[in-house]
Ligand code: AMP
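Before any questions on binding or motion, here is one chain by itself as structure tokens, the form predicted on its own.
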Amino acid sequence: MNILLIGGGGREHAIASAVKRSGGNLYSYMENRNPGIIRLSDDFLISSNLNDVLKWKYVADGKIDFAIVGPEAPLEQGIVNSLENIGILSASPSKEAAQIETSKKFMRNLMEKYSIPGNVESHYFSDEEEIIRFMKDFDRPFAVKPVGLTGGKGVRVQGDHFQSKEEGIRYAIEVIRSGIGEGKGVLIEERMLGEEYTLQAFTDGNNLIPMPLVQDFKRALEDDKGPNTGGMGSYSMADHRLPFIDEQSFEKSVEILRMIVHSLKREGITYKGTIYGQFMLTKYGPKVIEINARFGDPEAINVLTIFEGDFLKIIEGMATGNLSVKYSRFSNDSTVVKYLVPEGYGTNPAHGMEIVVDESGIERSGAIIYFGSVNERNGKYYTTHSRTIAIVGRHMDLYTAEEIAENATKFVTGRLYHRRDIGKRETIEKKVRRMEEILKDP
């Protein structure tokens, strides 16, 4: 089976590894020379013009069986639609289906229209005067969310990123004036209190297969401080749950994703591919922060590292509408992902800096490496504007997995940093205690 992979980061390196473990042939398109993906590829194309993928000989000559798209931007540009127009099916959603991520307004409206549980109060604005008038009488804590894509860095929450109502209003106006989120406007939403978690699932538009739960760490600095990022790391547990999520909350989360997929179908839109729910467990149950139309990054790295099913059959099933749970299987190992990122990541990352990677040292330590947004030139590796190297510890015991990952970070040197607290016992126990306090608070 010939698979076309679009994207060049750590998530895509994990997808590429899963394709090769299942025995597929891999043809990869990326903007940067990711050495991990290149080694796994039967051939690859480097270009900053997405349309070049349609002219690539394997695509143009019809030699690709199925495509899978890693990042969200190509989905919004309609690459899946373009591929289907020339007869190549994708295990990723169409431009119309991807609106569930590319327009937070579309997602909230869909949930409201079909009375999908987990929705929150949300108000859309494209005019700054309307915001000022509305906020005069709004006296609850709130979040400001650009409607369009921001790479996980656009949302600001009162109490975390700003303190006063006036600060939040100023940021909402800035979003509108500067076009943050591609100029699609801004949402004012109620602030939720709880713990975030990620549920990813395979779907063909009818059937839905959940993957192990993951908790991501968005903030740049330890103890969840600093600016939001695309994700500094994450962990998953051997029982495929999280310590603060009970079975009822898990099942509710799965049902929310299932209802979203089925509601899209009622709108005439068939969703095919991975769907990713970013949830918050609150005292009122699971609430939807956002829905993403692809694998998460770093969450894909957690789940695909322990995937032991037939990934090619999963890709084929999603693309053709014939998804079967018998091909989906995950080992009972915990995983901890720690991203090494350029200095200044989240605000002004140091890009174009050389890094040195001792891959044999990482392998000897028992860890696994995935290359992120790295450029390879003349056998040397250089940082870009995004995350550089993902180090994964895998073990039945979560805290042993964390030690494996942490110990392996020393084999990557350069102007990089990482969060040492991800996956540590005290970090997890603090989150559990916080959730217990929220649940018992009247």
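Here the structure is a predicted model, which is why all the values come from computation and not from measurement. The first residue of the shown sequence is 1; numbering continues from there.
Only in words, not in the display: the form predicted in complex with the ligand, which the text now covers.
You can rule out all but one of 320 to 328, 154 to 162, 257 to 265, 85 to 93: in the predicted complex, only 154 to 162 has residues with a heavy atom within 4.5 Å of the ligand.
Put simply, residue 338 is far from the ligand in the predicted complex: not one heavy atom of it is within 4.5 Å.
Using a 4.5 angstroms limit between non-hydrogen atoms, residue 290 touches the ligand in the predicted complex.
With a 4.5 Å cutoff on heavy atoms, residue 196 counts as touching the ligand in the predicted complex. Not displayed here, the ligand is approached by residue 190 to within 4.5 Å at the level of heavy atoms in the predicted complex. Screening 77, 103, 228, 119 for any heavy atom within 4.5 Å of the ligand in the predicted complex leaves a single hit, 228. Think of it this way: in the predicted complex, the ligand has a heavy atom of just one of 143, 149, 362, 314 within 4.5 Å, and the residue is 143. In the predicted complex, 278, 280 are the residues of 263 to 283 with at least one heavy atom within 4.5 Å of the ligand, listed from first to last.
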